[in-house]
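Okay, here we've got a single chain as structure tokens, the form predicted alone, with questions on binding and movement later.
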Amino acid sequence: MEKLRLKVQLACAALFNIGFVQWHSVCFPVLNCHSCPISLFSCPIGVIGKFAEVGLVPLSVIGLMALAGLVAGRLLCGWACPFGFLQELLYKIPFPKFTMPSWTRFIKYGVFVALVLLVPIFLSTASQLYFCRLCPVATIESAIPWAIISGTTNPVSLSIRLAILFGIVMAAMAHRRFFCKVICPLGACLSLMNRFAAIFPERNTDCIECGTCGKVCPMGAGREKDGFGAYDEKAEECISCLECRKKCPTGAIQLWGG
């Protein structure tokens, strides 16, 4: 399963940036910038921001994300998102590691409301505070390539974006999937439906509640004891990477329909 996931991640990274055609009228629920010169699909976060600016509700995008969330939830983050895959590679680099308190996972919901919705509504998508103008994915896939292609750019804006990108890269090297867990607004949207997803890792009766899944989960979603000695499961964070399945001593975890 680990080899299969790697192949799917590589295939998706290539597919979403195939370069030969561009279907920007179609969204795919992963964070892949549609302003990239070789992107295939449009990014749902960018579309939501543009619609918010003009006071419209993108029903087709919301419907697509709801459908994707109810079918696969954040499996898309763990199997299809190119930036999620990049973060996994960054974490393998020898670098001082750190953990983060579980409450930081709520920050991404604030990012979605403030930078994806409120900034376009009350300011505009041209504002430097708009999420897409700060997004590290957009910096890698759009800002840097277009600066090279066109030869002209706003040096202040580009410097801010590069500084944010550098900070997130450093954080991703130190904490597994830092951006996915703490910042990603698309992850916030998908996580709302994660507990109801049809495809989701589940435990069978062989589970001995050893807490191994909580220790190995890159998103802090596995079962682990809270401060009161009870087992807590943050299922909304699970990206179905199946690290828990690989390390489970009794093989109690399977990726099947809920």
Partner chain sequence: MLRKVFFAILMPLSLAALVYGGFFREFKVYDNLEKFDQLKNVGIKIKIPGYDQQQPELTVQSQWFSEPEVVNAMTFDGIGLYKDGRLISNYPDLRMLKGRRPCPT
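Residue numbers count along the first chain shown, from 1. Treat the numbers as computed from the prediction; the structure is a model and nothing was measured.
As for the form predicted together with its partner chain, it is not shown, yet the points below apply to it.
Which among 94-102, 77-85, 143-151, 178-186 is in contact with its partner chain in the predicted bound form, heavy atoms within 4.5 angstroms?
-> Within 4.5 Å of the partner lies stretch 143-151.
Using heavy atoms and a 4.5 Å limit, would one call residue 60 a contact residue for its partner chain in the predicted bound form?
-> Residue 60: yes, in contact with its partner chain in the predicted bound form.
Verify the contact flag for residue 209: yes if a non-hydrogen atom of it lies within 4.5 Å of a non-hydrogen atom of its partner chain in the predicted bound form, no if not.
-> Contact check for residue 209: no, nothing within 4.5 Å of its partner chain in the predicted bound form.
With a 4.5 Å heavy atom cut-off, would you call residue 216 a contact of its partner chain in the predicted bound form?
-> Residue 216: no contact with its partner chain in the predicted bound form.
Spell out, yes or no, whether the shortest heavy atom distance between residue 250 and its partner chain in the predicted bound form is within 4.5 Å.
-> Although its partner chain is absent here, residue 250 would stay clear of it in the predicted bound form, with no heavy atoms inside 4.5 Å.
Heavy atom within 4.5 Å of its partner chain in the predicted bound form - qualifying residues of 184-213 = Contacting residues: 193, 195, 196, 197, 198, 200, 202.
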